[in-house]
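As structure tokens, one chain now follows by itself in the form predicted on its own.
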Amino acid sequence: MQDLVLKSQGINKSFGGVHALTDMGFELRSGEVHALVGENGAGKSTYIKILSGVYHKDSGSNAYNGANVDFRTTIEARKAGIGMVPQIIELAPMLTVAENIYMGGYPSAKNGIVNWKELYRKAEETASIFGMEALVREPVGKLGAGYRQLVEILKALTYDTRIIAFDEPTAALSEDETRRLFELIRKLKAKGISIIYVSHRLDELFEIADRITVLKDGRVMGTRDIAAVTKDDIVSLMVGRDLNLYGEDSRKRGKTDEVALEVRDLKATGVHGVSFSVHKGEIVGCFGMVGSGRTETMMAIFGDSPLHGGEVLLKGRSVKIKSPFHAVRMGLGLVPENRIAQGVILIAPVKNNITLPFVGKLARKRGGFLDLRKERAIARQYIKALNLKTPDEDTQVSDLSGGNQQKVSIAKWLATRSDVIIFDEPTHGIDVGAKADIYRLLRELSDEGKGIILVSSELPEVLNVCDRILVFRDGKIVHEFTENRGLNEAEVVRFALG
């Protein structure tokens, strides 16, 4: 058996009255990939933040290479050899890739001034892992989400690292970038570096992990060798029950003849003549690879980017949507792909986030004063519907786990009761139990006569939830599957890849 590099015992952590971790125990062997899974709010991110010096445990012990440690800062942890790649990217956008990689540890000359030549040489050497040598002098703010994620990974490799914790590392990565990441992880394993791997994508775990520990409500439900479990075994430990992820489509109403939204020859940045329609009571899926134009199309419809041509019709009437605020007033909702930048206000309470799109309606009959009782009732309704793990509706969104922040973003648009709602990657960072809840809610909304657009990179999701499927490539719809019956993944991917 490999030597233990880390042994955690009796770790407890509370935030206010919420117990994030209770008597947590965890062991990590030298040169292994140990997956940590659980529903949103199970305590996964809390644990690795304690290890890496972001949070401080209330009690318990962490033995690292046989010695008890309690890091007070992330720099202290990194210098000791424990790095973390966080779920939420926190880089300095105005600084270069090189400056971000070595932040807190710039090489200096004899006079104490930064040795810029040496900094960029070292950065090029480190960035070569992902073929990013040419980008080390670029400001991070100019990079896409995938590259920013890779910069965070490179930051974790700058010291003599013995443990790296990855928190949802592939959420913003393309298929090719994910493949490179897995190759890197295998190389790190071969060097004896240990990996803690947090992910909701269970398929990844069977490709990359050696062992798996399941958390539920801050407690360890079990640790297993990955070769000895199935996906169903993991899900049962996570949610405490057998789960039929996609459920049965028991909609009573279904698609009607009335068109809720129509797009004709839409042109915008990254969109080159897109036309489609959505009927009331219908769920239309939009599938395509990264950069295919799906999200760009939805943002153009929602008024977030200017149209260069084409027409948008709501309920058969041509409309000029000038801004997202204008779109909401016209009965159009959008759950955005990037929940942090576009979906929620982190420093505001849950209740204010949920009611934000229609806060004017809550004040209209009260002389401009907000109906606080109604606001609380609406917030509690959707907290319950989405099984949102929060102490109460007054909790600040920044205090929630990443997955529960996503649920707040979704709740906000469900609460608007818009006629047409666009969901752009609504299950990214969401655990399997919450996914099932969201699929059920999508069907309930369509049963109420809403027009639903589901943009997703997860093909099984599109195949199991949607009535029709639009396949995007190069800013266009290249194929429409008018009947989603008996389709297999290969048929759809063939059009997406061209």
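Each residue number is its position in the shown sequence, starting from 1. What you are looking at is a predicted structure, and each value in this text was computed from that prediction instead of being measured.
Beyond the structure shown, there is the form predicted in complex with a small molecule, which is absent from this document and is the topic of what follows.
Asker: Among the candidate stretches 347-355, 260-268, 67-75, 401-409, which one is within 4.5 Å of the small molecule in the predicted complex when only heavy atoms are counted?
Answerer: Result for this chain: 401-409.
Asker: Give a yes/no on whether residue 62 approaches the small molecule to within 4.5 Å in the predicted complex, heavy atoms considered.
Answerer: No.
Asker: Taking heavy atoms only, is residue 45 within 4.5 angstroms of the small molecule in the predicted complex?
Answerer: Yes - in the predicted complex, heavy atoms of residue 45 and the small molecule come within 4.5 Å of each other.
Asker: Closest heavy atom of residue 20 to the small molecule in the predicted complex, within 4.5 Å or not?
Answerer: Answer yes; at least one heavy atom of residue 20 falls within 4.5 Å of the small molecule in the predicted complex.
Asker: Looking in the predicted complex, any heavy atom of residue 87 within 4.5 Å of the small molecule?
Answerer: Because a heavy atom of residue 87 falls inside 4.5 Å of the small molecule in the predicted complex, the answer is yes.
Asker: Sort through 162, 279, 211, 200 and report the residue having a heavy atom within 4.5 Å of the small molecule in the predicted complex.
Answerer: Exactly one residue meets the criterion: 200.
Asker: Would you mind picking the one in 296, 424, 152, 168 that has a heavy atom within 4.5 Å of the small molecule in the predicted complex?
Answerer: After the contact test, the surviving option is 168.
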